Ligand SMILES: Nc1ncnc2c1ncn2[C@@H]1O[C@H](COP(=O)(O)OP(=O)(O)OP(=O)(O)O)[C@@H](O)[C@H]1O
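Only one chain is shown below, in structure tokens, and it's the form predicted on its own.
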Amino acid sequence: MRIILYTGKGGVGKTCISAATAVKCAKLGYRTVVLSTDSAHSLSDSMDIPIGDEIKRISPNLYAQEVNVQHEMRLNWGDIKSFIVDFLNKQGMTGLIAEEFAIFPGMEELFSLLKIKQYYEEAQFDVAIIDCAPTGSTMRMLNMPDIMRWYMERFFHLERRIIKLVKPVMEKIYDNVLLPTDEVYFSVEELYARIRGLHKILTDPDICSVRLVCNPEKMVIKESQRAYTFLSLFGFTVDAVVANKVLPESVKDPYFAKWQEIQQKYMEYARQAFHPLTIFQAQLFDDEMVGLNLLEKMGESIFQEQDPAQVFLREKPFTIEKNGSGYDLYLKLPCANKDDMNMWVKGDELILEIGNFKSNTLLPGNLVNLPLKEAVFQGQKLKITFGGDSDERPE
């Protein structure tokens, strides 16, 4: 199954682009499903058809679903959340505060994406189009598997062994101590396995691509550039950009002449900033693009003779090459500014901070015991060299 995730700054029109792509794929004969994982669903409004939280057939080959975030939370996090809330209650935190603390940022959207893993394994569809939340929420969602992996691999097994030893004693001595049961641990293990499987699917460039939706405006393109960097940092492949609401050349009204000039300037900037990504253009139509007929028109206008389900770029976010007695790790970080970056190795992890985001990448075994020698930018890639005689933190 081919999976395409659309994200972008709020208001750029990613729901409309997602729906138009899905309609185009269905017309090409792909059995297609389009899902909204944004808690503020607008897919029904875009298609002008009530959809709901169950798979609904919209037209031949086309299906849609607005995932019920609260249902997915209860299904995937219910037992674990109950334990966390009970634990917090015993510590004096009550009511809605405990409920809020039991949910991590990005978790709601992540659980919605688990539907994709289900459909992928069941092979129900040829193509899945995902209308994601705006950029910030999408970044938190896609970073959740790394966060859970880090906690699971660092603390889970050790903590479980300790709990089995101390639980009978602790519960007799302290009335306000609540320790997790085996059922809670089993729930965590099962959830972790599912998220790890989802992460494997989403980071396979032959299966999944992220596409950025932007408008030809400075602030929007800048945010899309940051998203491109962070997605690459977390191992996700971006294969295309869709510039939406582009004024067509046929518009000759003097009122829009300045806007056309501005858009042309930023379209040229986008081509340079996002090279070598394919940049599609969705023109600003003279009508509100709502309903299947207009979405079909929009999809044809964007992709024309190209198949939107194809993979437009398969470049992996990072590669490792042998270099004499050491190794070079190449990490694709398009649009990154080295002045905003910190990097170091701790144990078997390469830790990178860029702006407000941090990535913990497990190093392959043959790099773990080698010193970090230097890091330099080569075009859009950060080249990190392991080997040598000193373990110096690179500038």
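Bear in mind the structure is a predicted one, so any value in this text is a computation, not a measurement. Numbers follow the displayed sequence, beginning with 1.
This next part talks about the form predicted together with the ligand, which is not shown.
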Worksheet item: Would K9 count as a contact of the ligand in the model of the complex, using a 4.5 angstroms cut-off between non-hydrogen atoms?
Response: yes
Discussion item. Is it the case that W259, even though its partner is missing from this view, gets within 4.5 Å of the ligand in the model of the complex, heavy atoms only?
Written reply: no
Worksheet item: Just to confirm, M289 within 4.5 Å of the ligand in the model of the complex by heavy atoms?
Response: yes
Discussion item. Taking any heavy atom pair closer than or equal to 4.5 Å as contact, tell me whether T21 reaches the ligand in the model of the complex.
Written reply: no
Worksheet entry | Contact residue in the model of the complex, chosen from N76, Q263, T203, Q283 - any heavy atom within 4.5 Å of the ligand | Q283
Worksheet, complete the sentence: Interface check vs the ligand in the model of the complex: of C208, V242, M298, L231, the one with a heavy atom inside 4.5 Å is M298
Practice prompt. Among 76 to 84, 244 to 252, 185 to 193, 117 to 125, mark the stretch whose residues have heavy atoms within 4.5 Å of the ligand in the model of the complex.
Written response: 244 to 252
Practice prompt. Any residue of 1 to 40 with a heavy atom within 4.5 Å of the ligand in the model of the complex counts; write them all down in order.
Written response: K9, G10, G11, V12, G13, K14, T15, C16, D38
